[in-house]
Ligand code: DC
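Here we start with a single chain on its own, the form predicted on its own, put down as structure tokens.
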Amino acid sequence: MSAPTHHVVAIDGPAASGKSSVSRELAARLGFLHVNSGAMYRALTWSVLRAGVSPDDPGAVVAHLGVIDIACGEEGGRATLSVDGVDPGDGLTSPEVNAGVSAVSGIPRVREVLVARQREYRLVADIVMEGRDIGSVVFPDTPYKFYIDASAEVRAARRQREGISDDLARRDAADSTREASPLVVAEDAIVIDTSEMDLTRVVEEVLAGLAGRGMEVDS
């Protein structure tokens, strides 16, 4: 018997492009499970830092990954995440994690392990998954791919309003040039620039794109 599969909507884009807000609202509208793939890399980075391991030491990071349990699940229609039974909570967006996550997520073995975990979600639910390589690497076969973008100025302003300290230019460069699963626009992705759009309009654009590719969605 073949394993069950479900719809996957892939939402990619750089930091502060609006993809998280769009993904959460879209999942709510569709009744799908929202999964933030970046949270997995942040959870590992958080754990690495707590253990005193340098994010810039690939061997030590991979060794650490091998001795911890990153548990990904679902509860009440929401994706859950813990490390050795602990929910990192706000630690996922700490300045230290912001500074180290690109280095950790750029390690090929880390991506290999966590991409495999991300793919498991498709077996249990229809999902909206956000990240930087969802349409290009994690689920290249899904027809429902979107790349959410915004100007550098708009993204920086959003980060400021969120009270998050982040060097967006450095992160963009690291994410786009890393050897393993770099941030790219998948060839068949629908690109949406959110610079001058509010959340409602962006979600409507995505819903229209889904309908145009054959998914039945409520208007």
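This one's a predicted model, so the numbers in the text were calculated from it and none came from an experiment. Note that residue numbering follows the sequence shown and begins at 1.
There is also a form predicted together with ligand DC; it is not shown, and the following applies to it.
- Using a 4.5 angstroms heavy atom cutoff to ligand DC in the model of the complex, none of Ser21, Lys145 and Glu205 count as contacting.
- In short, of 60 to 68, 185 to 193, 149 to 157, 169 to 177 it is 169 to 177 that has heavy atoms within 4.5 Å of ligand DC in the model of the complex.
- In the model of the complex, Val101 approaches ligand DC with a heavy atom inside 4.5 Å.
- By the criterion of a heavy atom within 4.5 Å, Arg42 is counted among the residues contacting ligand DC in the model of the complex.
- When contacts are judged by a 4.5 Å heavy atom cut-off, Arg111 counts as touching ligand DC in the model of the complex.
- Contact check for Ser47: every heavy atom lies farther than 4.5 Å from ligand DC in the model of the complex.
- In the model of the complex, ligand DC lies within 4.5 angstroms of at least one heavy atom of each of the following residues of 112 to 136: Gly131, Arg132, Asp133, Ile134, in sequence order.
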